[in-house]
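Only one chain is given next, in structure tokens, and it is the form predicted alone.
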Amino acid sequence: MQRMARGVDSVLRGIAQVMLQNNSYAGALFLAGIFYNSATFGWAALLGTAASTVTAHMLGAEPVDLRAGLFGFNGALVAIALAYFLQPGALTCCYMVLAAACTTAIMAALLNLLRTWKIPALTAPFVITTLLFVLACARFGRLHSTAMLPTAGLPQAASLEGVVSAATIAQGLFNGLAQVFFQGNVVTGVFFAVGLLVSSWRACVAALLGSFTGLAVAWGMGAAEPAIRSGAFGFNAVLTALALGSGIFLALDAASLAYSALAVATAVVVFAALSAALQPLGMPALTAPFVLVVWLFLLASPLFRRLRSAPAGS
């Protein structure tokens, strides 16, 4: 019974770690928000987190890392992504389990590779695994994509579309949080905000400010109103703000907050760039902008005397 309780705790922490929170209550609220929007995605999150966590346990990962959910969050995202991009079925479920298990090995490889520079792996295993597993379906006749993948083709110049209103901003604000887990639902975004608040008020504020900054930058650059409303330009901004502006990797002060704001705005531009670059393949950018921006900004930070690393354990 105690072992089962520890397992449930690890799975919930794994779901919470998608937003860089080591808190099982936050994970439970995130999961509740996903189930509110879609039972399919909720079960996918549980399946992926469990598969990657069990794989890490069987391979002998450090118990402290297992308990913290560090081997679970990429599995959760991969499973949700495959449920989102592939037609449902028993084979798709097996494919999710295989992909989630693969994130465990990729996570360990990146942790080992990046520790020299003291850089976190973040959601890079999710990005790598999802792109490879979705692309592979072009050669597997029994796995079929949904209409949710971008239409393959050369990127075309964008045009102003729609009028951004107060409703656009309000919905885009919470959809930016919800889209971290591929959920397009305002209420789900509220669940996520409450989960962050339970874990850390700083994280909640950082996420909301990140989402608002993301949609504001996209609006200022002339992004289409439907994309702003859906939170498409918000989720990478949310994750970037959490990583750099809530005291996780950098100590909180005026310099780090300004640095975080710069990184969040950069993540919006990088999202647009990678989305255009991947369009010929018909592939989404996922959280690659968040990973690239945070890696580069953390690598640069030691050369800036006004930036300090967050205390160990934060």
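Residue numbers here begin at 1 and follow the sequence given. Quantities reported herein were computed from a predicted structural model and do not represent experimental measurements.
Missing here is the form predicted in complex with another copy of the chain; even so, the following discussion is about that form.
**Q** Just one of Leu46, Ala68, Ala273, Ala32 has a heavy atom within 4.5 angstroms of another copy of the chain in the predicted complex, so which one?
**A** Of Leu46, Ala68, Ala273, Ala32, the residue with a heavy atom within 4.5 Å of another copy of the chain in the predicted complex is Ala273.
**Q** In the predicted complex, which of the listed residues (Ala166, Ala147, Ala90, Leu154) lies with a heavy atom within 4.5 Å of another copy of the chain?
**A** For this set of options, the contacting one is Leu154.
**Q** Against another copy of the chain in the predicted complex, would Ala277 count as a contact residue? Criterion: heavy atoms within 4.5 Å.
**A** Close contact exists here: in the predicted complex, Ala277 approaches another copy of the chain to within 4.5 Å, heavy atoms only.
**Q** Hey, in the predicted complex, does Val198 get a heavy atom within 4.5 angstroms of another copy of the chain?
**A** Val198 lies outside the contact set for another copy of the chain.
**Q** Mark Leu208 yes when one of its heavy atoms lies within 4.5 Å of a heavy atom of another copy of the chain in the predicted complex, and no otherwise.
**A** Leu208: no, not in contact with another copy of the chain in the predicted complex.
**Q** Ala101: heavy atom within 4.5 Å of another copy of the chain in the predicted complex?
**A** Contact with another copy of the chain, yes.
**Q** Out of 23 to 31, 256 to 264, 243 to 251, 37 to 45, where are the residues with a heavy atom within 4.5 Å of another copy of the chain in the predicted complex?
**A** Going by heavy atoms within 4.5 Å, the stretch is 256 to 264.
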